[in-house]
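First, one chain by itself in structure tokens, the form predicted alone.
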């Protein structure tokens, strides 16, 4: 075999395998997201979720940083918090004498309600006894909704 013959054979071998690879159909190996299981952790029920957050905000030694961190985390979820969670968060604000945070919580919940116009009035209706007891005005009572 001459060097040209060896080189020609190598080129033909590479080109035919390259053509074969191009001609092959490759199956799609994508798994649906719902089938992926990254954790063996127990799934938390709605009641357990609510109880966890009520317990978090009901800690007698909660400080302002923990209150704000908890609210930021809670608002980050894809949900509007239940009235009982908001009740315990507002009571934590009262324990800290932090009226500004209480009003911010109500504003965040109103914003979180988004286009669903019936959620925020329902929450205010459920929280009205707590708001009255703690002496907290709603943003609407303070005229903040007009701005």
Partner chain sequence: MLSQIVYLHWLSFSKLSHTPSLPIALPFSHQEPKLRHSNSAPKQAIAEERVHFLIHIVFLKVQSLSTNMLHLTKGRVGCLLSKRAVVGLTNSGARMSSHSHHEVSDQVDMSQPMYWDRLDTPLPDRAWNDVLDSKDKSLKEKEKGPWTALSKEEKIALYRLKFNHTYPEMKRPSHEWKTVIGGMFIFFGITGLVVFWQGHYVYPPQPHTFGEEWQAKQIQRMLDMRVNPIEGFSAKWDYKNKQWK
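Remember, predicted model here, so these are calculated numbers, not experimental data. Numbering follows the first chain given and starts at 1.
A second form of this protein, the form predicted in complex with its partner chain, is not displayed here; the remarks below concern that form.
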Does its partner chain get within 4.5 angstroms of any non-hydrogen atom of residue 52 in the model of the complex?
-> no
Report yes if any heavy atom of residue 88 sits within 4.5 Å of a heavy atom of its partner chain in the model of the complex; otherwise report no.
-> no
Touches its partner chain in the model of the complex: residue 43 (any heavy atom, 4.5 Å) = no
Any non-hydrogen atom of residue 125 within 4.5 angstroms of its partner chain in the model of the complex | no
Could you tell me if all three of 97, 107 and 111 have a heavy atom no more than 4.5 Å from its partner chain in the model of the complex?
-> yes
Residues within stretch 67-90 having a non-hydrogen atom within 4.5 Å of its partner chain in the model of the complex = 67, 68, 71, 72, 75
